[in-house]
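Just one chain follows, in the form predicted alone, and it is written as C-alpha cells.
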C-alpha cells in the first residue's frame, strides 16, 4: 500500500556557497575547511550539538590505534586536539599511560566556540528530510523543522551524515555491509557509571585493563552468563570522582542502521544489556560494589552503514599494497577494526576472514610505517554533480571501510571535501572538475600528508 503526498511549496530559508549535512568529525572538517577557503558555509546537524559519535555515542577515545606507534595525527584533527588539550587538559582522566580522550561534554562547548570563530553558521535540530534534484544537481536540501519543511540552497553540498543520507536521497547508488547478506558492524550503546570506590583507585597500573582481560577470559570460558555477545570490554576516562566516562560493551547485531525499526530494536536491546551488565559489574568487579548508572549515550552508535558508489572504490587490496594515487587527498596508516557483523565471537581477527569469520583486528605494530592513500575520487559520487561525500560513507569496500571509518580519518576526508568545495565555488566548477594537483597543493599547505 502507498499514499500520495501532495506537492507543496517550501520556503527557501537560506542560500550559501556550501551546505554541509552532518556535524560529526567529517562535517566539522568539511565546514571549517570550506569556511577557511573563503566560502559561506552552513553546517546542518540533526541533534542539538556537534561532535557526531564522539559526543552522541560517547566515543571519546578517537585515536587509540595511534597510541604508542610511529604515527601522529595531522591536519585539522591535530589542531583541534591540541587546542582542546590546551584548554581542558586530559579531561580529568587519571588512567596511566592512556591515549588522549575528549570529554564529550566539554567538546560540545569547544566545538560551538570553534564554529563561531571560523564563521561557520550552524543550524541544530535540522534533519535532512529530502533533496530536490534537477539535471543531475542538487537544487535544494529540505530540512524538517518544528515549523515544517524548509529549503536551503547552495552551489556545493557535502554529505557528512555518516549514513550517506543526502547521497541516498539524491539517487546515488549505495551499498551496505557485507556483500552476501548486507550485515553491518553492530550498533553499540555506550554508558557511564559513577561511584567507583576510591580505594580501588589507589595504587599503580591500569586496573581497568586487568578487569577487561579477565572478563574476556570468563566470557570465552562461558562463565559470565550474560546475554550480550561481546567479549572485549573497552573503558573510557577514569576520574578522581569515581566516574568511568564510557563502557563500550552493549552491542546489537544484524540490524539495519538506516531503518527506524532496526534502530528501535537496537536501542531497546542494548538498554536491556546495560541493566544486566550493571548488576554483573556490582557483583563481579572489585571496587564496583556501589556504582550507579550515570547516563546512557543519547543514541546508539554505528561503525558502518551506507557506502556510496563513487568515481573510484577503495579496496583492501589497495590498502595492502600501500597504493598512493595521483589524486590522493590524505595518507592513513594501515589498520583494520571490524567488529563481527553477525555476532560470531570466534575467529582470530585476521584480515583473511574478510568479516565472515568473526571480527577483524589488524593493529599497527611496533615500528610499522605502512600506509595508503585515499583518492579524491572516493569522495565524488556517481550521478550527482555538485555533491561531495566525506566520512565513513565514502566509496570503499566493506573491509576497507573498517580502516577509513576511524574518527581521525573521517575528519581528514572532511577537510579534503571542504577544501575542494571552496576551490570549486571560487572557480565556478563542479567538484569533479577540480584539478587534483591544485587540491593536493592546497591540502599540503594545510599540513595534510598527500604522499608517503
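Residue numbers count along the first chain shown, from 1. All of these numbers come straight from a predicted model, not from anything done at the bench.
Separately, the form predicted in complex with a small molecule exists; it is not shown, and the next lines address it.
Residue 396 within 4.5 Å of the small molecule in the predicted complex, heavy atoms: It does not: once the small molecule is placed as it appears in the predicted complex, residue 396 has no heavy atom within 4.5 Å of it.
Touches the small molecule in the predicted complex: residue 26 (any heavy atom, 4.5 Å): Flag for residue 26 set to yes.
4.5 angstroms heavy atom contact with the small molecule in the predicted complex for residue 103: Output for residue 103 is no: heavy atoms all beyond 4.5 Å of the small molecule.
Residue 127 within 4.5 Å of the small molecule in the predicted complex, heavy atoms: Although the small molecule is absent here, residue 127 would touch it in the predicted complex, with heavy atoms inside 4.5 Å.
Listed residue that, although the small molecule is not shown, lies within 4.5 Å of it in the predicted complex (heavy atoms), from 387, 59, 39, 412: By the 4.5 Å heavy-atom cutoff, the listed residue in contact is 59.
Of 190, 245, 340, 252, the one that lies within 4.5 Å of the small molecule in the predicted complex (heavy atoms): Only one option qualifies, and that one is 190.
Location of the small molecule contact in the predicted complex, chosen stretch of 63-71, 31-39, 379-387, 418-426 [non-hydrogen atom, 4.5 Å]: The contacting stretch is 63-71.
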